[in-house]
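One chain is shown next in structure tokens, namely the form predicted alone.
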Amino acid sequence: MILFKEAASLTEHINKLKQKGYSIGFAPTMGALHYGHISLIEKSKNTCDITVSSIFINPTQFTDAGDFEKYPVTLGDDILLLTKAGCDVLFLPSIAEVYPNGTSAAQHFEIGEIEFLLEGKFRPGHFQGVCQVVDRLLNIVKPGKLFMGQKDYQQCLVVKRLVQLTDLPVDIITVETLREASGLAMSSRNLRLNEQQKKDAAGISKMLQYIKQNIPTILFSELEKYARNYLLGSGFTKVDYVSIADAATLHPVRSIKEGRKLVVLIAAFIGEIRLIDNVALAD
């Protein structure tokens, strides 16, 4: 695996590979890697000739400075995991390399109302930060395919909108969420959970499955209320949302309609640690 810290050097390397006819897959990360991240690498390796990953904790997508400061850093372990997975190239930039004109001068993207729904409502400015870093990384790496995890469902929709807006020539491939044996979605933030909290955190997955199983027979509002109350009674300190939504727009829905795909999304806190998860529903 080749490691680059400078954007210009990486772009030059990628251009040479593309001139030789190699296809490029890209899996950006913020580090603290787990096997969910590695599944993105594996998917890329099965699809593309060259797999590139990046590790960059992006300051512009954190609405809580304390959350940014406490984000887990495990660089040595991350490099080992990527090497074992067969990643070809790792981009490890500084903040100045990603934002050469400073974070305050970063471009604003008009991505529409999806910026302000669900995660956007509770983390104002978050998706602008996501768009800023993804746009910059895509212009540095210039991949043919971008690999993202399904766990960050709304983020995937936002990046798809970004790619449409900027007309970047990249296909977005979403990869299924990997889970612990308990059902807990793999996440870098899980490193901050103690053992009891990890057990309690599996309640999100349990409620997603509960809603999925009961959606044909119970009112949507009752399902959401039950899930919220269950979580608050099972170790969670705050629930930002439990939402049954249109899978394409994330608008809340209240009934099953033929031909409409739905998704259930949950965001909740255990102590100061915020967890998100989702599950897609049949038509």
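All values reported here derive from a predicted model rather than from experimental measurement. In this text, residue numbers run from 1 along the sequence as written.
Keep in mind the form predicted in complex with a small molecule is missing from the figure; the text below concerns it.
Visitor: Residue-level contact is defined here as any heavy atom of the residue lying within 4.5 Å of the small molecule in the predicted complex; does D135 satisfy this criterion?
Guide: Judged by the heavy-atom cut-off of 4.5 Å, D135 is well away from the small molecule in the predicted complex.
Visitor: Does any heavy atom of D152 come within 4.5 Å of a heavy atom of the small molecule in the predicted complex?
Guide: Yes, D152 lies within 4.5 Å of the small molecule in the predicted complex.
Visitor: Is L40 one of the residues lying within 4.5 Å of the small molecule in the predicted complex, judged by heavy atom distances?
Guide: L40 belongs to the contact set for the small molecule.
Visitor: Do P252 and the small molecule share at least one heavy atom pair within 4.5 Å in the predicted complex?
Guide: Outside the cut-off, so no.
Visitor: With the small molecule left out here, work out from 236-244, 25-33, 253-261, 42-50 which stretch has heavy atoms within 4.5 Å of it in the predicted complex.
Guide: So the stretch in question is 25-33.
Visitor: Please tell me which of E113, D77, E176, D171 lies within 4.5 Å of the small molecule in the predicted complex, judged by heavy atoms.
Guide: None of the others qualify; the residue that does is E176.
Visitor: Using a 4.5 Å cut on heavy atoms, which of F109, Y99, Y210, Y71 is close to the small molecule in the predicted complex?
Guide: Result of the distance check: Y71.
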